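In the form predicted on its own, a lone chain appears below as structure tokens.
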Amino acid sequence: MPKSATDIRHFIIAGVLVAITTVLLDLLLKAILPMPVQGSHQAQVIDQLTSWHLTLIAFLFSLVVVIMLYSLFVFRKKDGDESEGAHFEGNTVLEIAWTVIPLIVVFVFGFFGVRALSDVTRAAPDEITVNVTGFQWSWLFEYPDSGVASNELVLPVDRAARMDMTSRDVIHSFWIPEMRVKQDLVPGMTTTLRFTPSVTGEYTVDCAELCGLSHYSMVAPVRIVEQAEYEQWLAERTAGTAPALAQTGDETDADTDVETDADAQSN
């Protein structure tokens, strides 16, 4: 720790430079890494935690790099100076500080991380359940309460949705960037993902797990609509459209199997 007036001056200058660099780098990171629109209530919690992480990254980077560069330029050996540098045995206060402070930061981020996870995974009493099936290389969405099946995911705004998901073949990953949450689909088991859409509009389900040759094309449309429009959509599908949509999913899967067999024979 600084003991003389000169040491204190260097300490203050380096501290100010670290603070300025932290602010500038934090602004830069958040400018070049813009988030998509917050499409769900969970997105607010996740974005806040992400923002804190970016600020911490900016601070730690500045703390190391600024002090290193400051030392290289300010304390470099002068021409003709043959004297030995000051000898330090250590500093107990500094060693305790750089051990305890990071430990506290880890616990603080751990607390908010656990709380964010609890908010994201919490069940709601009136949530809509959708059975999601992923397969090479498409999606199928089934609404068990109405018997509707679709290759398009339609959900009402401001109502909690629960995705019960599985895979027919390999591991896939359900991801709507605007909703922020993501969950793998594992063959032979059911995984669950919850989110509450907050903004009406059209989005896209992506597969965030490399799942084969046509992984890039494994996308499906998502529409977040008002409750009345959602009920109308269900009624139309229940009246006669649902069987065709469900068959489309089966045919897609069958076509995939045919292509796979053909590839195997050609090889």
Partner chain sequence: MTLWSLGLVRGVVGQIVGFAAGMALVIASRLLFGFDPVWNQEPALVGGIIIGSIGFLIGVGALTDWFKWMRGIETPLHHGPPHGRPAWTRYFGVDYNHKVIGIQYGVTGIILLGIGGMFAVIFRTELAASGFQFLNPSNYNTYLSMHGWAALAAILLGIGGMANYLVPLMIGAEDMAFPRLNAFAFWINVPGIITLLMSLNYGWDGGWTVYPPLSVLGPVGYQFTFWAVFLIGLSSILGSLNLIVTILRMRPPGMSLFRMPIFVWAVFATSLIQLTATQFIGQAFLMLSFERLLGMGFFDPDKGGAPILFQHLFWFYSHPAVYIFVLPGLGIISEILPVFSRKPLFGYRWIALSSIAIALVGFLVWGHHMFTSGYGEYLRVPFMISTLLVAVPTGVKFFSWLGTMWGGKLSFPTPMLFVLGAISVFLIGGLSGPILATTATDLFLHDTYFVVGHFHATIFGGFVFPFFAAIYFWYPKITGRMYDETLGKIHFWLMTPAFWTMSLGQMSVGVMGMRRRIADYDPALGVEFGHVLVTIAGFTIAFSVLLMIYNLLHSAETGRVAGNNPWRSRSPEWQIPSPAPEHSYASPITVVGEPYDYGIPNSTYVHMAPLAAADD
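Residue numbers count along the first chain shown, from 1. Since the structure is predicted, the reported quantities are computational estimates derived from the model, not experimental observations.
Keep in mind that the form predicted together with the partner chain is not shown, yet the notes after this line are about it.
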Which one, 103-111, 156-164, 123-131, 142-150, holds residues whose non-hydrogen atoms are within 4.5 Å of the partner chain in the predicted bound form? 103-111
Just checking whether Phe195 would be counted as a contact of the partner chain in the predicted bound form - the rule being heavy atoms within 4.5 angstroms. no
Does any heavy atom of His41 come within 4.5 Å of a heavy atom of the partner chain in the predicted bound form? no
Since only the chain is shown here, I'm wondering whether Gly212 would be in contact with the partner chain in the predicted bound form (any heavy atom pair within 4.5 Å). yes
Verify the contact flag for Met35: yes if a non-hydrogen atom of it lies within 4.5 Å of a non-hydrogen atom of the partner chain in the predicted bound form, no if not. yes
As a check of understanding, the residue in Val225, Ile46, Leu234, Val222 with any heavy atom within 4.5 Å of the partner chain in the predicted bound form should be identified as Ile46
Does anything in 186-204 come within 4.5 Å of the partner chain in the predicted bound form by heavy atoms, and if so which residues, in order? Val186, Pro187, Gly188, Met189, Thr191
